[in-house]
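As structure tokens, the next two blocks hold two forms of the same chain, structure 1 and structure 2.
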Structure 1
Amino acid sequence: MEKEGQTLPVRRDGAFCYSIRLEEDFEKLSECVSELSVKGRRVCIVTDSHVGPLYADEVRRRLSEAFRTVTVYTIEAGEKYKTLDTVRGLYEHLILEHFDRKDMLAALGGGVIGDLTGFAAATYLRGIGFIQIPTTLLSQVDSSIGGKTGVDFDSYKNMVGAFHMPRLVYMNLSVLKTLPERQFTSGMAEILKHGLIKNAEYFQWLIDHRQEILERRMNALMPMILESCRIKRDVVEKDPTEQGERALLNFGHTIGHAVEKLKDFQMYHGECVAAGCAAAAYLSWKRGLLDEAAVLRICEALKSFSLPVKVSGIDPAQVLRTTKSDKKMDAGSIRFILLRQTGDAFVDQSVTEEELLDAINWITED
């Protein structure tokens, strides 16, 4: 893979919208941001108490080469701080620092920071620009791409949000070297999901290159993240506001989000999605779409990356009830994502409560 990195353009309605830039360091961050015509403007780096001490100083230094003023706003790390109260504190900071509509925010962190910063950017002064600088595998291949922003409301994930496209997504893949193992594993769930819904050959490539991926070798990380970003980019371009095909990206998420809430966020998002993917594969088999061997292969692939396919300590009936509060409901029915085969997903609105409960029971069996 070329040392100079990779660039993926993202379009909306056929017109260029923003770039996804994959690099091995922060060296070209200022150059990329300068292309956005930000000279003389302010930027606020929004980060958290885990990421800030590692990267905020360097990112501040890089952005100072492009912006007139750079401030840093740090929140406590963790999903429980992804709330309207946290956004309120950020609003106050922006007001006191006199940020106007031509100034920007920069999200430096994982999915929580990206979602929260994007939501603040979408709503402060009715919308200002922002850039994504994702530092986790999950945020690099998923939440930083596509413009979905939001915060949680009373433990219901992303129930308050907006569609607001970033001006740039800049990924420094070397930050993955310091990512805790469990967070890296969590990101692999979304990557495996991309193969399951859109690219069977990519799914097999991930299995074949498992060792290099787990060792975080750059010659495996760069093509892996590039392909996952390309898959998500292609889906988002066709359906930017989730009216149709973009729902495919929710494979594993309906049950996964319910598990995540009921486990009080003690399980990571990707771990819950992995269990949800296993449940969706099982349901696809029960529908006569996948054969049993395909379901076992999917589950073995998930487990080979240390992802769970079973969940303990929760009541299946309660999981079913929680799925009905999911934002993916449509006129009282759940838009559930099934597989015709590996690499070929589709949206189904005919899944019954009995079928869902059967799948939930399957992943909660001891």
Structure 2
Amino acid sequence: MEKEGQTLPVRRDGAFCYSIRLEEDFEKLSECVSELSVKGRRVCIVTDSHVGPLYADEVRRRLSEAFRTVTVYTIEAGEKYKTLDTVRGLYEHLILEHFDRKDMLAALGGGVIGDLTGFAAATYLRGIGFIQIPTTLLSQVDSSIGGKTGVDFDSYKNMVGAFHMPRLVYMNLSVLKTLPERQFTSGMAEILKHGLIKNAEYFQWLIDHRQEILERRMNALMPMILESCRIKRDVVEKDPTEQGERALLNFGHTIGHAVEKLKDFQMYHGECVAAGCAAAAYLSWKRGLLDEAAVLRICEALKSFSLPVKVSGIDPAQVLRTTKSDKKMDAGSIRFILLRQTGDAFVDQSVTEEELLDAINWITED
């Protein structure tokens, strides 16, 4: 029997822009890509040193059915290679292989590969097409959707970038089986965040299906990733260039980013976001929005997925300073995301330093 995949269309300014395909294998890849009229064109698969050995051969074979030429460009795995230097190496490869404006890139990997490949595609010859083949939980439900691309510059994360929409997002959920445990857990923070900001029922569903999710069973992964992609899709459709609604996705990220920086990126992004979500939920309680039981439920849910809600070894005052210097500041006031209730987030610009410090204190321990 043929396995049922799922498709989510993404629209921009009311018109169809690209599809997100969720599959259990790479079988449909060439069929999906063929719909983009790529006959006679070249494609370069950009991947990293962990993902390439696992999946590049099969993806190359599938893409060869649709494209004239397929090359593979492999970079070292890790955020520290998400740089202009790496992009430069990729440009050189594309020039040597005579890539022209109708040729394409395919990002096979996590968010690092997706962001970097998207940026190279946005800028090579003033912009060529690219497809996303995300292989981490985070990249499947978050970074591959929405067209934000970029690289880090010196110690500044995502300092250089562009909005460039993919032509297709194709995810094979089976690749999550090889994802290291801590990466999977970290991705779960964004997924729980989706429930918290937009869909209380989904949040409860995640709690109820924890076991199957953690065992990475397909009957749990497929509906989960579909719903998270739908939430992310709906938010970016309403606000493609991050003027308003998209800010809701920053729930848990304002304090989370500060923690991430102060922990010198030793804690994973999702782990910091989890602590940030706990702090934002606490602040919402102190504002009289959530009740205490709801905050405790949120913390228990995060903990049940092995995510931290407390952070040790950081100075709350320093977290506050770092939070204030973060780019989420809007003309001097902090754009903080609060919860009216579980499943209903909003942007608030009136959070004071005292409130922030109180919330930071609540999530820090010795």
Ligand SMILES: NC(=O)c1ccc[n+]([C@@H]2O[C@H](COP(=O)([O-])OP(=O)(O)OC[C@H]3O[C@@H](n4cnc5c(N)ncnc54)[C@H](O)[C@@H]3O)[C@@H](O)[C@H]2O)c1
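For clarity, a rigid core is taken as the largest C-alpha set superposing within 1.5 Å between two forms. Numbers given to residues start at 1 and step along the sequence of structure 1. Since this is a predicted model, take the numbers as computed values, not measurements.
- Of the two forms shown, the form predicted together with the named molecule is structure 2.
- With the core held fixed between structure 1 and structure 2, E354 has its Cα displaced by at least 2 Å.
- The two forms, fitted on the rigid core, differ between structure 1 and structure 2 by 2 Å or more at the CA of K263.
- With a cut-off of 2 Å and the rigid core superposed, G40 has a Cα displacement that falls short of the cut-off between structure 1 and structure 2.
- Its Cα shifted by 2.9 Å between structure 1 and structure 2, P316 is reported here after superposition on the rigid core.
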